[in-house]
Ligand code: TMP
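Next up is one chain by itself, shown in structure tokens, the form predicted alone.
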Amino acid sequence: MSGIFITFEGGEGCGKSTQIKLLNDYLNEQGIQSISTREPGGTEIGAELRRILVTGDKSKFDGVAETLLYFADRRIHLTNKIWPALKEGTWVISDRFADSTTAYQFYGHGKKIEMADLKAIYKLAVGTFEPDLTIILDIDPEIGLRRSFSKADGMAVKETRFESIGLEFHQNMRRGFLEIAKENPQRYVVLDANKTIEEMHKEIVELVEQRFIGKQWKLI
């Protein structure tokens, strides 16, 4: 029996980290072995790549370089952490995966990298593997950016490289996530993130129960 791979996607400040922690805690309380992780930064090497990617000057490299760095992190993440955990039957909940690369580097940067190239890199690094469920937390970029900058004020290391790019980038990225979701409604679910933490958690738990109940696991 293999584990379940759930990814959370969305713009800055949409509340992914909080909801991932709550869902992971809930699953463990139900007796389901679950771990949470993130991209970039889900491994020791990934933490070094995260520092390079999400801190510093917004224009220190272009979208193509970003894409290659993200997929390097993703390959290491998969081989060192995600695939071994799933093979053991553990559920893995990830804060971002390949859909973020499409939304940020393809849509956000104005399609400066070809989709065919993006798919070729995905095939090389990931193969045919994809998440069992992707939850996109949708929020107005202006609201999300305010949340994100407020959160960053309390951080020792300011991970605000993408926040500083500008509103148009984040609006493009949001449109990208919504377009991606339309392509495969079986895997993607878009949720309105402009709700309380408790309301969002309840909605996510109900979604996960409905999606996987009666299959490999029973969550109630």
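Quick note: we count residues from 1 along the sequence shown, nothing fancier. Computed from a predicted structure; not experimentally measured.
Not pictured, yet referred to below: the form predicted in complex with this ligand.
Trainee: What I'd like checked is whether Ala47, Arg75 and Asn80 together line this ligand in the predicted bound form, meaning each has a non-hydrogen atom within 4.5 Å of it.
Mentor: No, none of Ala47, Arg75 and Asn80 comes within 4.5 Å of this ligand in the predicted bound form.
Trainee: Though this ligand is not shown, can you say which of Val54, Ile35, Leu178, Leu68 has a heavy atom within 4.5 Å of it in the predicted bound form?
Mentor: The option sitting close enough to the partner is Val54.
Trainee: Taking 4.5 angstroms as the cut-off for heavy atoms, does Pro40 touch this ligand in the predicted bound form?
Mentor: Residue-level check for Pro40: yes, a contact with this ligand.
Trainee: In the predicted bound form, is there a heavy atom of this ligand that lies within 4.5 Å of any heavy atom of Tyr104, even though the partner is absent here?
Mentor: Residue-level check for Tyr104: yes, a contact with this ligand.
Trainee: Does Ser100 reach this ligand in the predicted bound form, with heavy atoms at most 4.5 Å apart?
Mentor: Ser100 belongs to the contact set for this ligand.
Trainee: Work out which of the listed stretches, 104-112, 135-143, 84-92, 122-130, brings a heavy atom within 4.5 angstroms of this ligand in the predicted bound form.
Mentor: That would be 104-112.
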